[in-house]
Each structure stands twice: as C-alpha cells, then as structure tokens.
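As a starting point, one isolated chain is supplied in structure tokens, in the form predicted alone.
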C-alpha cells in the first residue's frame, strides 16, 4: 500500500475510534458511574445522526430538512434532541430495575430505528440521507491528500477532549460521588435524603446527549446515513465491548477500549475477507464471535478491564 493510502486509512481509522470513544464515554457515565444498564445506545446514536443530517443538508424533496445550517448548529441540536428523547425515556424507565431497564431501552431503540425506516417524509426511509456535509471540506487545500479527513479528526479530538475533561470534573464533584454511591448502595443514598430518581435521570440524559453528539459526527464523517447503520450489533454491542474491555467506571478506559476494540474489529474484517467465497456471507457472524471470545478472555484475565476504576484505595 502506498504512503498516501496508509495516511488516509489511518485518519479514517482514528476518526471512527474517536466517534466510538464518545459513545463509550456516554455509556460510562450511565453504566460505569451510575449502574444504568442501557442497551438502547443505537437509538440515541441514530437520533443525533439524523438530527444533524436534517438540519445541515441542502434542500431535498425526499426528506425533511434542507436548512443548510452550520456544523456547530447541527451538533448542538443533535445533543439537544437526543437529550429530549432521553428525558422521555428516562421518565418512563428511571425507576426500573437494571434488567427491566435493559429490556425497555433496547425496545425503545428498535422503535426509533423502525420510525426512521418507515417515515419516509422525515428520513427518506431505507434510501437514507445523502450529501451530508463534511466540516471544512470547502476550505482551500482541503482536497489534497488526507486534508479533509485530517481536519475532521482534529474536530473529533477536540470534542473528545472537551467531553473527557467535563466528565472527569463531574466524576470528582459531589454530583459524581452521589452517582457512584447510587451504584454501590442505593438504599443508603436514599436514606441520606438524596433524590435518586433525579440523579439517575440527569446521568441518563447527559450520557445520551454525548451519544447523540457521536451520532452527529458519524453522519458528517460518512456523508450518508440510513437505518441499517444503526443496528444493535454496530451501534450498541461494540460500545459495550469497548467499555468492558477498557474499564468500566474509568473515562480513560472508555477511550482506550474504543481504540483497542475498533482495532480488533477492523482486524477481524481483514481476516474474514481472506475466507473462501462460499463463507463470505457468514463473515459478519464470525466477526461477532471473535469479539465475543475476546470479551470472555478479558473478563477472565482482567475482570475490571484494562484500566480499572480509580478508587481511593488504588490511589
């Protein structure tokens, strides 16, 4: 492979890692700190992607939108709408036990995907939304080798840094300590007079807004979205694997897990592409099997992940 191809692939790879790092950070706030078992990541991911796509694309007779808004507006509105959906979901599910919350969130995520698939006036249905603008793509020189991907990666890294620092500050704050206390001893926190439902709802909403931001960046990076991009395997299962592998409760682990698992995921794609043609259709299931085996190994060898949660004892 030529040097130019290596550079372009590297930028492509790191951009996807960054998008998944945001999803993993959002999940870490919900599960790692608060103990909320959200299996509806794909729903908030999709809401963010479609919101930003609709408000930033050019006018089209095939779907709602064509507002041509700047990228920043699309990102903000993606977070806002994902947060509003999370408020509605949270008000219904915040009092549920962990297992029931998991069932409820995966059902809601599937409802969202089916709405996006069937409401053609809104999303163009299975044909999807093309022509989603890439940030700074029209900047002079952006057409040169890797320039557009490089600028996009800088945007992603900047947003990850902002989200990471904000979540670290929140984790160390009294608010974050209450979330961890709810995860460890809900009855004790309730006895202390804390409004557990409010804290859970706040964590659920903020985490979902971060997932919506990741969805918006995904839409602008690939330039085309359809409901098939938000299947549970792609937009929920991988994120959980990333957080488990990196270290639940540790924001650094969430980012590290995104890097390692996406490396493994792309590596399995390379391996399965070498399979005989008659087995190509089974490659997707084989890749999931490989990831599942990796998770089992990590849970056996490093049950707390590669970077366990930082506690007073470890410090």
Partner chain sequence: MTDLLQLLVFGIVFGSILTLGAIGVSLIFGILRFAHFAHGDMMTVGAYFALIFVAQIGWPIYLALPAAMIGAALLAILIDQSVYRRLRRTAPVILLISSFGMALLLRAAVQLIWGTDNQVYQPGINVPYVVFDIRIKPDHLVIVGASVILVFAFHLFLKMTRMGKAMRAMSDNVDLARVSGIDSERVVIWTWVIGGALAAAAGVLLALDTRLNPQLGWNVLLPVFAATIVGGIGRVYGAIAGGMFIGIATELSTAVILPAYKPAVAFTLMVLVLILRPRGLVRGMN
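Remember, predicted model here, so these are calculated numbers, not experimental data. Only the largest set of C-alpha atoms that superpose within 1.5 Å between the two forms is called the rigid core. Residue numbers count along the first chain shown, from 1.
There is also a form predicted in complex with the partner chain; it is not shown, and the following applies to it.
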_Proximity to the partner chain in the model of the complex, single hit among 73, 189, 104, 166 (heavy atom within 4.5 Å)_ = 104
*One residue of 150, 176, 232, 223 in contact with the partner chain, assessed in the model of the complex (non-hydrogen atom, 4.5 angstroms)*: 232
*Taking 4.5 angstroms as the cut-off for heavy atoms, does residue 97 touch the partner chain in the model of the complex?*
yes
*State yes or no: in the model of the complex, is some non-hydrogen atom of residue 199 no more than 4.5 angstroms from a non-hydrogen atom of the partner chain?*
no
*Is there any non-hydrogen atom of residue 236 lying within 4.5 Å of the partner chain in the model of the complex?*
yes
*Although the partner chain is absent from this view, report whether residue 69 comes within 4.5 Å of it in the model of the complex, heavy atoms only.*
no
*If we take heavy atoms and a 4.5 Å cut-off, which stretch out of 76-84, 189-197, 155-163, 104-112 is in contact with the partner chain in the model of the complex?*
104-112
*Any chance the CA of residue 17 moves 2 angstroms or more between this form and the one not shown, core superposed?*
no
